[in-house]
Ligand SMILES: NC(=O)c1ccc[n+]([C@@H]2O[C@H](COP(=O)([O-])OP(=O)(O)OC[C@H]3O[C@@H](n4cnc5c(N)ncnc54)[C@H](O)[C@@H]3O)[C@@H](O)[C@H]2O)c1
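What follows is a single chain, given as C-alpha coordinates, in the form predicted alone.
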(Lines give C-alpha, C1' and ligand atoms only; values in the text may rest on other atoms or scores of the structure.)
Protein backbone atom coordinates (compact mmCIF):
# COMPACT_ATOMS: atom_id res chain seq x y z
CA UNK A 1 0.00 0.00 0.00
CA UNK A 2 1.15 3.54 -0.76
CA UNK A 3 1.73 6.40 1.63
CA UNK A 4 -1.74 7.82 0.95
CA UNK A 5 -3.59 4.63 1.86
CA UNK A 6 -6.65 5.29 4.04
CA UNK A 7 -6.68 3.06 7.12
CA UNK A 8 -10.12 1.78 8.13
CA UNK A 9 -11.71 -0.11 11.00
CA UNK A 10 -14.78 -2.13 10.01
CA UNK A 11 -17.45 -2.68 12.66
CA UNK A 12 -20.00 -5.49 12.42
CA UNK A 13 -18.75 -8.68 10.75
CA UNK A 14 -21.99 -10.16 9.45
CA UNK A 15 -23.12 -11.19 5.98
CA UNK A 16 -23.19 -7.68 4.49
CA UNK A 17 -19.41 -7.49 4.76
CA UNK A 18 -19.10 -9.76 1.72
CA UNK A 19 -20.28 -6.86 -0.46
CA UNK A 20 -17.84 -4.52 1.24
CA UNK A 21 -14.80 -6.73 0.78
CA UNK A 22 -15.73 -7.58 -2.81
CA UNK A 23 -15.63 -3.82 -3.45
CA UNK A 24 -12.53 -3.18 -1.35
CA UNK A 25 -10.64 -5.84 -3.28
CA UNK A 26 -10.94 -3.54 -6.32
CA UNK A 27 -9.78 -0.39 -4.51
CA UNK A 28 -6.06 0.12 -3.92
CA UNK A 29 -6.01 3.16 -1.64
CA UNK A 30 -7.81 1.78 1.44
CA UNK A 31 -6.78 -0.91 3.94
CA UNK A 32 -8.90 -2.50 6.65
CA UNK A 33 -6.61 -2.60 9.69
CA UNK A 34 -9.19 -3.62 12.30
CA UNK A 35 -12.37 -5.67 12.66
CA UNK A 36 -14.81 -5.22 15.54
CA UNK A 37 -17.78 -7.39 16.44
CA UNK A 38 -19.64 -8.28 19.63
CA UNK A 39 -18.73 -11.90 18.87
CA UNK A 40 -14.96 -12.19 18.57
CA UNK A 41 -15.23 -15.53 16.75
CA UNK A 42 -17.11 -13.83 13.93
CA UNK A 43 -14.46 -11.13 13.64
CA UNK A 44 -11.71 -13.76 13.64
CA UNK A 45 -13.44 -15.75 10.89
CA UNK A 46 -13.75 -12.65 8.72
CA UNK A 47 -10.08 -11.86 9.28
CA UNK A 48 -9.08 -15.33 8.15
CA UNK A 49 -11.29 -15.12 5.07
CA UNK A 50 -10.72 -11.56 3.86
CA UNK A 51 -8.03 -9.53 5.67
CA UNK A 52 -5.44 -11.64 7.50
CA UNK A 53 -3.37 -8.62 8.61
CA UNK A 54 -6.22 -6.93 10.49
CA UNK A 55 -6.56 -6.87 14.26
CA UNK A 56 -9.81 -8.07 15.85
CA UNK A 57 -11.63 -6.94 18.97
CA UNK A 58 -15.00 -6.63 20.68
CA UNK A 59 -14.09 -3.13 21.96
CA UNK A 60 -14.55 -0.41 19.34
CA UNK A 61 -13.30 2.49 21.44
CA UNK A 62 -10.25 0.54 22.53
CA UNK A 63 -9.37 -0.32 18.94
CA UNK A 64 -9.82 3.27 17.80
CA UNK A 65 -7.59 4.45 20.65
CA UNK A 66 -4.93 1.93 19.73
CA UNK A 67 -4.94 2.02 15.91
CA UNK A 68 -5.94 5.65 15.22
CA UNK A 69 -7.52 4.83 11.84
CA UNK A 70 -8.60 7.43 9.31
CA UNK A 71 -12.14 6.13 8.97
CA UNK A 72 -14.74 3.68 10.23
CA UNK A 73 -16.95 1.44 8.11
CA UNK A 74 -20.20 0.72 9.96
CA UNK A 75 -21.75 -2.61 8.95
CA UNK A 76 -23.77 -3.08 12.15
CA UNK A 77 -27.53 -3.44 12.59
CA UNK A 78 -29.49 -0.15 12.63
CA UNK A 79 -29.86 -0.12 16.42
CA UNK A 80 -26.07 0.11 16.79
CA UNK A 81 -25.46 2.91 14.29
CA UNK A 82 -25.59 5.76 16.80
CA UNK A 83 -23.11 4.09 19.16
CA UNK A 84 -20.66 3.39 16.32
CA UNK A 85 -20.98 6.86 14.84
CA UNK A 86 -20.42 8.70 18.10
CA UNK A 87 -17.35 6.56 18.83
CA UNK A 88 -15.97 7.34 15.38
CA UNK A 89 -16.61 11.06 15.71
CA UNK A 90 -15.05 11.17 19.20
CA UNK A 91 -11.85 9.86 17.58
CA UNK A 92 -12.13 12.28 14.61
CA UNK A 93 -12.66 9.38 12.21
CA UNK A 94 -14.54 9.75 8.95
CA UNK A 95 -17.56 7.45 8.77
CA UNK A 96 -19.29 5.48 6.03
CA UNK A 97 -22.21 3.42 7.29
CA UNK A 98 -24.89 1.09 6.03
CA UNK A 99 -28.41 2.46 5.70
CA UNK A 100 -30.48 3.60 7.40
CA UNK A 101 -28.51 6.51 8.78
CA UNK A 102 -30.20 5.84 12.13
CA UNK A 103 -33.28 3.93 13.34
CA UNK A 104 -35.10 7.18 14.30
CA UNK A 105 -35.19 10.64 12.77
CA UNK A 106 -34.13 12.20 16.07
CA UNK A 107 -31.04 9.98 16.21
CA UNK A 108 -30.24 10.79 12.58
CA UNK A 109 -30.33 14.50 13.32
CA UNK A 110 -28.05 14.02 16.30
CA UNK A 111 -25.56 12.10 14.19
CA UNK A 112 -25.52 14.68 11.40
CA UNK A 113 -24.89 17.41 13.97
CA UNK A 114 -22.15 15.39 15.69
CA UNK A 115 -20.43 14.62 12.40
CA UNK A 116 -20.39 18.28 11.45
CA UNK A 117 -19.00 19.24 14.85
CA UNK A 118 -16.22 16.68 14.45
CA UNK A 119 -15.34 18.08 11.02
CA UNK A 120 -15.33 14.67 9.33
CA UNK A 121 -16.79 13.15 6.18
CA UNK A 122 -19.98 11.30 7.12
CA UNK A 123 -21.82 9.32 4.44
CA UNK A 124 -24.43 6.59 4.03
CA UNK A 125 -24.31 3.53 1.76
CA UNK A 126 -27.07 4.41 -0.71
CA UNK A 127 -25.55 1.96 -3.16
CA UNK A 128 -28.59 1.69 -5.42
CA UNK A 129 -27.81 5.11 -6.86
CA UNK A 130 -24.71 3.50 -8.28
CA UNK A 131 -26.00 1.48 -11.22
CA UNK A 132 -25.71 1.91 -14.97
CA UNK A 133 -29.48 2.00 -15.47
CA UNK A 134 -30.00 4.68 -12.83
CA UNK A 135 -27.20 6.72 -14.35
CA UNK A 136 -28.75 6.48 -17.83
CA UNK A 137 -32.17 7.55 -16.56
CA UNK A 138 -30.72 10.54 -14.74
CA UNK A 139 -28.67 11.54 -17.78
CA UNK A 140 -31.84 11.48 -19.91
CA UNK A 141 -33.62 13.74 -17.43
CA UNK A 142 -30.71 16.16 -17.14
CA UNK A 143 -30.45 16.38 -20.93
CA UNK A 144 -34.15 17.29 -21.15
CA UNK A 145 -34.91 14.36 -23.43
CA UNK A 146 -38.44 13.87 -22.03
CA UNK A 147 -39.04 17.45 -21.01
CA UNK A 148 -39.86 18.52 -17.51
CA UNK A 149 -40.47 15.48 -15.21
CA UNK A 150 -43.99 15.24 -13.85
CA UNK A 151 -44.58 11.69 -12.56
CA UNK A 152 -42.36 8.93 -11.20
CA UNK A 153 -43.37 5.41 -10.18
CA UNK A 154 -41.43 2.54 -8.59
CA UNK A 155 -42.56 -1.05 -8.03
CA UNK A 156 -40.70 -3.38 -5.69
CA UNK A 157 -42.11 -6.88 -5.13
CA UNK A 158 -40.10 -9.75 -3.64
CA UNK A 159 -40.36 -12.50 -1.02
CA UNK A 160 -36.90 -12.94 0.54
CA UNK A 161 -36.47 -15.45 3.35
CA UNK A 162 -34.35 -13.56 5.84
CA UNK A 163 -33.09 -14.63 9.21
CA UNK A 164 -32.12 -12.19 11.92
CA UNK A 165 -33.22 -8.71 12.93
CA UNK A 166 -35.44 -7.94 9.92
CA UNK A 167 -37.99 -10.59 10.83
CA UNK A 168 -38.83 -8.78 14.07
CA UNK A 169 -38.66 -5.17 12.83
CA UNK A 170 -41.60 -2.81 12.84
CA UNK A 171 -42.17 -1.15 9.44
CA UNK A 172 -39.67 -3.58 7.92
CA UNK A 173 -40.24 -2.67 4.26
CA UNK A 174 -40.33 1.11 4.75
CA UNK A 175 -37.49 1.33 7.25
CA UNK A 176 -35.09 -1.29 5.93
CA UNK A 177 -35.66 -1.34 2.16
CA UNK A 178 -37.84 1.48 0.82
CA UNK A 179 -35.13 3.97 1.79
CA UNK A 180 -33.30 2.75 -1.36
CA UNK A 181 -36.21 3.56 -3.68
CA UNK A 182 -36.94 6.86 -1.96
CA UNK A 183 -33.31 7.90 -2.31
CA UNK A 184 -33.31 6.79 -5.96
CA UNK A 185 -36.37 8.98 -6.59
CA UNK A 186 -34.52 12.02 -5.29
CA UNK A 187 -31.43 11.09 -7.30
CA UNK A 188 -33.39 10.70 -10.55
CA UNK A 189 -35.44 13.87 -10.34
CA UNK A 190 -33.25 16.20 -8.30
CA UNK A 191 -36.44 16.99 -6.35
CA UNK A 192 -37.02 17.02 -2.62
CA UNK A 193 -40.03 15.60 -0.75
CA UNK A 194 -42.81 17.91 0.41
CA UNK A 195 -45.60 15.63 1.69
CA UNK A 196 -46.59 11.96 1.81
CA UNK A 197 -49.66 9.76 2.08
CA UNK A 198 -49.16 6.06 2.89
CA UNK A 199 -50.93 2.76 3.48
CA UNK A 200 -48.89 0.07 5.25
CA UNK A 201 -49.91 -3.49 6.10
CA UNK A 202 -48.61 -7.00 6.78
CA UNK A 203 -50.11 -9.40 4.20
CA UNK A 204 -51.47 -12.76 5.38
CA UNK A 205 -48.70 -15.31 5.25
CA UNK A 206 -45.96 -12.71 5.69
CA UNK A 207 -42.89 -14.08 7.50
CA UNK A 208 -42.27 -10.64 9.00
CA UNK A 209 -43.61 -9.32 12.26
CA UNK A 210 -45.03 -6.09 10.81
CA UNK A 211 -45.19 -3.83 7.81
CA UNK A 212 -44.05 -6.04 4.94
CA UNK A 213 -46.04 -4.08 2.32
CA UNK A 214 -46.75 -0.42 1.61
CA UNK A 215 -48.21 2.03 -0.91
CA UNK A 216 -46.92 5.60 -0.67
CA UNK A 217 -47.53 8.76 -2.69
CA UNK A 218 -45.17 11.72 -2.39
CA UNK A 219 -45.57 15.29 -3.51
CA UNK A 220 -42.15 16.55 -4.51
CA UNK A 221 -40.73 19.92 -5.44
CA UNK A 222 -41.11 21.02 -9.08
CA UNK A 223 -44.69 19.65 -9.03
CA UNK A 224 -43.48 16.05 -9.32
CA UNK A 225 -45.57 13.19 -7.91
CA UNK A 226 -43.75 10.00 -6.91
CA UNK A 227 -45.68 6.76 -6.32
CA UNK A 228 -44.12 3.75 -4.58
CA UNK A 229 -45.63 0.27 -4.38
CA UNK A 230 -43.76 -2.44 -2.53
CA UNK A 231 -43.96 -5.77 -0.76
CA UNK A 232 -41.57 -8.19 0.88
CA UNK A 233 -44.28 -10.83 0.95
CA UNK A 234 -44.93 -11.28 -2.78
CA UNK A 235 -44.14 -14.81 -3.91
CA UNK A 236 -43.56 -15.23 -7.63
CA UNK A 237 -42.53 -12.95 -10.50
CA UNK A 238 -40.18 -10.86 -8.34
CA UNK A 239 -39.00 -7.45 -9.41
CA UNK A 240 -35.25 -6.86 -9.57
CA UNK A 241 -33.68 -5.51 -6.38
CA UNK A 242 -33.50 -2.07 -7.98
CA UNK A 243 -37.25 -2.10 -8.63
CA UNK A 244 -39.13 -1.27 -11.83
CA UNK A 245 -39.33 2.41 -12.80
CA UNK A 246 -41.37 4.73 -15.04
CA UNK A 247 -40.53 8.42 -15.34
CA UNK A 248 -43.01 10.61 -17.25
CA UNK A 249 -42.07 14.03 -18.56
CA UNK A 250 -44.04 16.68 -20.41
CA UNK A 251 -42.67 15.38 -23.69
CA UNK A 252 -42.05 11.67 -23.21
CA UNK A 253 -41.50 8.68 -20.93
CA UNK A 254 -38.56 6.53 -19.92
CA UNK A 255 -38.80 3.11 -18.27
CA UNK A 256 -36.29 0.86 -16.56
CA UNK A 257 -36.98 -2.72 -15.48
CA UNK A 258 -34.22 -2.57 -12.88
CA UNK A 259 -31.87 -4.85 -14.78
CA UNK A 260 -31.56 -4.15 -18.51
CA UNK A 261 -30.98 -1.02 -20.57
CA UNK A 262 -33.69 1.66 -20.10
CA UNK A 263 -36.21 2.27 -22.88
CA UNK A 264 -38.24 5.33 -23.76
CA UNK A 265 -40.25 7.36 -26.24
CA UNK A 266 -40.72 11.06 -26.75
CA UNK A 267 -43.23 13.16 -28.66
CA UNK A 268 -42.09 13.91 -32.21
CA UNK A 269 -45.27 15.65 -33.40
CA UNK A 270 -48.92 16.27 -32.50
CA UNK A 271 -50.38 13.41 -34.56
CA UNK A 272 -54.17 12.97 -34.71
CA UNK A 273 -55.61 11.10 -31.71
CA UNK A 274 -52.21 9.91 -30.49
CA UNK A 275 -49.03 11.96 -30.66
CA UNK A 276 -46.37 10.89 -33.10
CA UNK A 277 -43.65 9.23 -31.03
CA UNK A 278 -40.04 8.36 -31.62
CA UNK A 279 -37.99 5.89 -29.57
CA UNK A 280 -35.27 7.20 -27.32
CA UNK A 281 -31.79 5.78 -27.65
CA UNK A 282 -29.47 5.54 -24.68
CA UNK A 283 -25.78 5.97 -25.30
CA UNK A 284 -23.43 3.36 -23.93
CA UNK A 285 -22.44 4.83 -20.58
CA UNK A 286 -18.82 5.27 -19.59
CA UNK A 287 -17.47 2.60 -17.23
CA UNK A 288 -18.56 3.23 -13.66
CA UNK A 289 -18.01 1.72 -10.26
CA UNK A 290 -21.37 0.26 -9.24
CA UNK A 291 -22.90 -0.56 -5.87
CA UNK A 292 -20.70 -0.47 -2.79
CA UNK A 293 -17.60 0.16 -4.85
CA UNK A 294 -19.02 3.40 -6.22
CA UNK A 295 -20.08 4.61 -2.77
CA UNK A 296 -16.71 3.78 -1.21
CA UNK A 297 -14.75 5.43 -4.02
CA UNK A 298 -16.76 8.65 -3.71
CA UNK A 299 -16.30 8.54 0.08
CA UNK A 300 -12.52 8.24 -0.29
CA UNK A 301 -12.48 11.06 -2.85
CA UNK A 302 -14.38 13.27 -0.41
CA UNK A 303 -11.82 12.53 2.31
CA UNK A 304 -8.93 13.38 -0.03
CA UNK A 305 -10.54 16.56 -1.37
CA UNK A 306 -12.25 17.67 1.85
CA UNK A 307 -15.63 17.75 0.10
CA UNK A 308 -19.05 16.23 0.68
CA UNK A 309 -19.79 12.94 -1.10
CA UNK A 310 -23.04 12.41 -3.04
CA UNK A 311 -24.49 10.32 -0.19
CA UNK A 312 -23.49 12.77 2.53
CA UNK A 313 -25.41 12.19 5.75
CA UNK A 314 -26.92 15.68 5.85
CA UNK A 315 -28.38 15.19 2.37
CA UNK A 316 -29.53 11.68 3.30
CA UNK A 317 -31.77 13.20 5.97
CA UNK A 318 -34.15 14.11 3.15
CA UNK A 319 -34.38 10.51 1.98
CA UNK A 320 -34.79 9.32 5.56
CA UNK A 321 -37.52 11.92 6.08
CA UNK A 322 -39.49 10.17 3.35
CA UNK A 323 -39.26 6.93 5.34
CA UNK A 324 -40.36 8.32 8.69
CA UNK A 325 -42.94 10.58 7.08
CA UNK A 326 -44.45 7.55 5.32
CA UNK A 327 -44.54 5.65 8.61
CA UNK A 328 -46.33 8.57 10.29
CA UNK A 329 -48.76 8.92 7.38
CA UNK A 330 -49.58 5.21 7.62
CA UNK A 331 -50.40 5.67 11.29
CA UNK A 332 -52.53 8.79 10.87
CA UNK A 333 -54.20 8.01 7.55
CA UNK A 334 -53.63 11.49 6.13
CA UNK A 335 -51.05 13.63 4.40
CA UNK A 336 -47.89 14.39 6.37
CA UNK A 337 -45.82 17.51 5.70
CA UNK A 338 -42.21 16.39 5.29
CA UNK A 339 -40.42 19.74 5.35
CA UNK A 340 -40.18 19.92 9.16
CA UNK A 341 -38.52 16.49 9.11
CA UNK A 342 -35.37 17.78 7.45
CA UNK A 343 -35.47 21.57 7.83
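None of these values were measured; they are calculated from a predicted model. Numbering follows the first chain given and starts at 1.
Same protein, other form: the form predicted in complex with the ligand, not shown, and the subject of what follows.
Annotated contact segment (heavy atom within 4.5 Å of the ligand in the model of the complex): 175 to 183, selected among 199 to 207, 175 to 183, 110 to 118, 257 to 265. Candidate site formed by 129, 133 and 191: none of these residues places a non-hydrogen atom within 4.5 angstroms of the ligand in the model of the complex.
Interface membership of residue 80, defined by any non-hydrogen atom within 4.5 Å of the ligand in the model of the complex, is confirmed. For residue 292, a non-hydrogen atom is located within 4.5 Å of the ligand in the model of the complex, even though that partner is not displayed. In the model of the complex, residue 76 approaches the ligand with a heavy atom inside 4.5 Å. Residue 229 falls outside the set of residues with a heavy atom inside 4.5 Å of the ligand in the model of the complex. Interface residue among 91, 171, 242, 99 relative to the ligand in the model of the complex, by the heavy atom within 4.5 Å criterion: 99. Checked against the ligand in the model of the complex, the candidates 315, 298, 70, 37 yield a single residue with a heavy atom inside 4.5 Å, and that residue is 37.
Heavy atoms closer than or equal to 4.5 Å to the ligand in the model of the complex belong, across 9 to 31, to the residues 11, 12, 13, 14, 15, 16, ordered by sequence position.
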